[in-house]
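Just one chain is shown here, as structure tokens, and it is the form predicted on its own.
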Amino acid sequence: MVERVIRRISEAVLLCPRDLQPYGDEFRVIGVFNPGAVRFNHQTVLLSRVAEAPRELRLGFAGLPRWESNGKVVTDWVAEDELDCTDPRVVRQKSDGAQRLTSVSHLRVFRGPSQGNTTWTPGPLLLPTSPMEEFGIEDARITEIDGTFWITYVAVSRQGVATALASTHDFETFERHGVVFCPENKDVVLFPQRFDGEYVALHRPNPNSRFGPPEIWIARSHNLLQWGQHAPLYRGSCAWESDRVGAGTQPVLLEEGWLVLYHGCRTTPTGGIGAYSAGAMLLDRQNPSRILRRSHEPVMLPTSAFEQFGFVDNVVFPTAVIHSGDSLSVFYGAADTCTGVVEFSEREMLAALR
């Protein structure tokens, strides 16, 4: 089957590494991407991941940064011949298989351009604060529920990849609620309303034992902190989503049902990083565990230069959507380097689902 994408009404690069100063002088910004996004006080607010790597280069060594409990970022230097360095994002120690990230991330608020101003105004930072966030925090998703903005984000440490929860009312101060999905689990998005009195989330278990294709799961909670009733929702079934699949944007309620954009990654014959594309699914309004329709081909592929070339080539990674009229503004990470936004027609998006 030939892969095809729906028409982009517009696209723009919003933030790039050159737009930011690093948190520490000894580091350089290598990416600002994978943002949560909402409308707040008549502005678009982003909560983007900012990834930094050591400025220093040592021949034959890999610099692996981490956060210490005092809030300082330090770098461990490990001989490259002791590591599997095939993935630019993560290395694996040959001796014991333990993994480390080659960069360290935090989250930062950016407020959208105002009239007559085309720049994004930087705001507060969310920094790692616990041992479960030693290797950084990443990839926020934001959902407003009953007047509170709930933020799920990825917490990375030597314990693995977990999902933590935070909340805010103003994007100036934040309350942290700790880990809500233990390792290995990420790509958690919350629905903006309750179903039969329960909160509902989509999440992505990432087991080391692969008995089948990757899956998106659904879970329920009475308080957003303890989750249960876990069940598989969708198993990747196409070539473009054969290696990884996970929820991307927070669910948006349309007349036809809940629209969720998700990411898929293709397996490669060499075991390298495959291209990341975006798909979409429509879930039942009353029963979000029921898929009504979905895209069998990607609705979004890495086609622009800033999506095809970067820290990781050929990546579009949707993490937020703002719905207005017939317009769907999808915010995403491009090539693990920049923050982008693309506008789609709701009508054309739905027409691509079957």
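Counting begins at 1, following the sequence as shown. Everything numeric here is computed off the predicted structure, so don't read it as measured data.
The discussion below concerns the form predicted together with a small molecule, not included here.
Next on the checklist: For the interface check, one of 288-296, 58-66, 322-330, 30-38 should have non-hydrogen atoms within 4.5 Å of the small molecule in the predicted complex; which one?
Outcome noted: That would be stretch 30-38.
Checklist entry - Of the options V50, V45, A53, V315, which one has a non-hydrogen atom that comes within 4.5 Å of the small molecule in the predicted complex? => result Selected option: V315.
Checklist entry - For this chain shown on its own, do R108, F135 and R176 all sit within 4.5 Å of the small molecule in the predicted complex, going by heavy atoms? => result Contact check failed for every one of R108, F135 and R176.
Checklist entry - Is there a heavy atom of R89 no more than 4.5 Å from a heavy atom of the small molecule in the predicted complex? => result Close contact exists here: in the predicted complex, R89 approaches the small molecule to within 4.5 Å, heavy atoms only.
Checklist entry - So in the predicted complex, does any heavy atom of K186 sit within 4.5 Å of the small molecule? => result Yes - in the predicted complex, heavy atoms of K186 and the small molecule come within 4.5 Å of each other.
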